[in-house]
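As structure tokens, one chain now follows by itself in the form predicted alone.
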Amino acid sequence: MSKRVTPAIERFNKKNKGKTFRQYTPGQEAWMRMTKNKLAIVGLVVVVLLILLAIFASVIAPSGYDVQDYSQILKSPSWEHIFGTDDFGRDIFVRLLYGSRISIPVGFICSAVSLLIGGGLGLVAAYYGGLVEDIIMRIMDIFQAIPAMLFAMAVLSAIGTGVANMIIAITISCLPLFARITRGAVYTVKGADYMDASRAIGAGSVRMMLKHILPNALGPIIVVTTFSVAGNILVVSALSYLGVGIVPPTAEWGSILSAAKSYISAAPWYLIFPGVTIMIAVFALNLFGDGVRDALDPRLK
């Protein structure tokens, strides 16, 4: 019969006698793993910086994004205009600052609302199953049969342009993704033993879904939500670039890029800086999303 206390355990107990070890919550452990991922931290810092620039855009550039100076039309980058000026003499850096007030919040809001509605539908479908699941998921299949970009364009063409309408269009196009991800995540925990124990003590359906199922299925849902923010920013910019999203003179990254395409030879900086801004924002969010994925499920590393 083997000893209950091995020499190695005795040495460990002797060395750590009197010490207390802090117990970490799953969220704290995930954050500790996250901080070890340098690229993820870089992505998080860039995202926070972009958000701060959007919040304090009016402080950094109190003159506003629509100030025109026809003596400064298509001026190359300088100390006065670090990103140069556009075809109306407006400062491109200032317009990008104010444009972040649309692109970034819309990306986050669309992901949050899609998660709330689509995730709720996926949770209900997976929990009840049967006819309820068939009805919900077949409706999601119909939505998913149309590419998200094309679906958003169709909705905007029907209800008109504007920030609120864009949020509605992108949110509807994202519902199938969140419904399917949530449904799959719920199925992984639905048959666990603690679920049977919860039913045995009389837990109702709402309590089962919100108290026991959803918290244990949040990992993949959070990861998809993080990545979807980057995708939504791209969709916002693409819709504005195509002329069905935010239209000039309102500053938005995609609309600035669309206006710059006619001056690619005469003023390349006009096109480069908006494109680089979009690329940095999306890349930073993807780096952060990779870090969140690895932190929540270390087995994927």
Partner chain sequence: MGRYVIKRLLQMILVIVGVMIIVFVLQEMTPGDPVDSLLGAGASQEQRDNLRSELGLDEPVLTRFFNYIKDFVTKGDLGTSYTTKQPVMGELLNRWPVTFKLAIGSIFVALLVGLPLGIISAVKQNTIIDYICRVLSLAAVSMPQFWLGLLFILFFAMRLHWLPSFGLTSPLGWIMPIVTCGLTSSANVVRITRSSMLDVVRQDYINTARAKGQKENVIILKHGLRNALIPIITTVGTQFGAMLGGSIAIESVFSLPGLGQYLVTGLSNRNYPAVLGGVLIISITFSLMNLIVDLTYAFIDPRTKAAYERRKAPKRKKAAEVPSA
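Numbering follows the first chain given and starts at 1. Not measured: the values here are computed from a predicted model.
There is also a form predicted in complex with its partner chain; it is not shown, and the following applies to it.
Note that among 94 to 102, 148 to 156, 114 to 122, 183 to 191, the stretch whose heavy atoms approach its partner chain to within 4.5 Å in the model of the complex is 148 to 156. Out of the listed residues A57, L50, A30, L257, L257 is the one that sits within 4.5 Å of its partner chain in the model of the complex by at least one heavy atom. Among the residues V67, V45, L39, V247, the one placing a heavy atom within 4.5 Å of its partner chain in the model of the complex is L39. Its partner chain in the model of the complex is not approached by V292, whose heavy atoms all lie more than 4.5 angstroms from it. Within 4.5 Å of some heavy atom of its partner chain in the model of the complex lies at least one heavy atom of D141. In the model of the complex, none of the heavy atoms of N232 sits within 4.5 Å of a heavy atom of its partner chain. Although the partner is absent here, P62 is not a contact residue: none of its heavy atoms lies within 4.5 angstroms of its partner chain in the model of the complex.
Contacts with its partner chain in the model of the complex, taken as any heavy atom within 4.5 Å, map within 230 to 246 to L234, S237, A238, Y241, L242.
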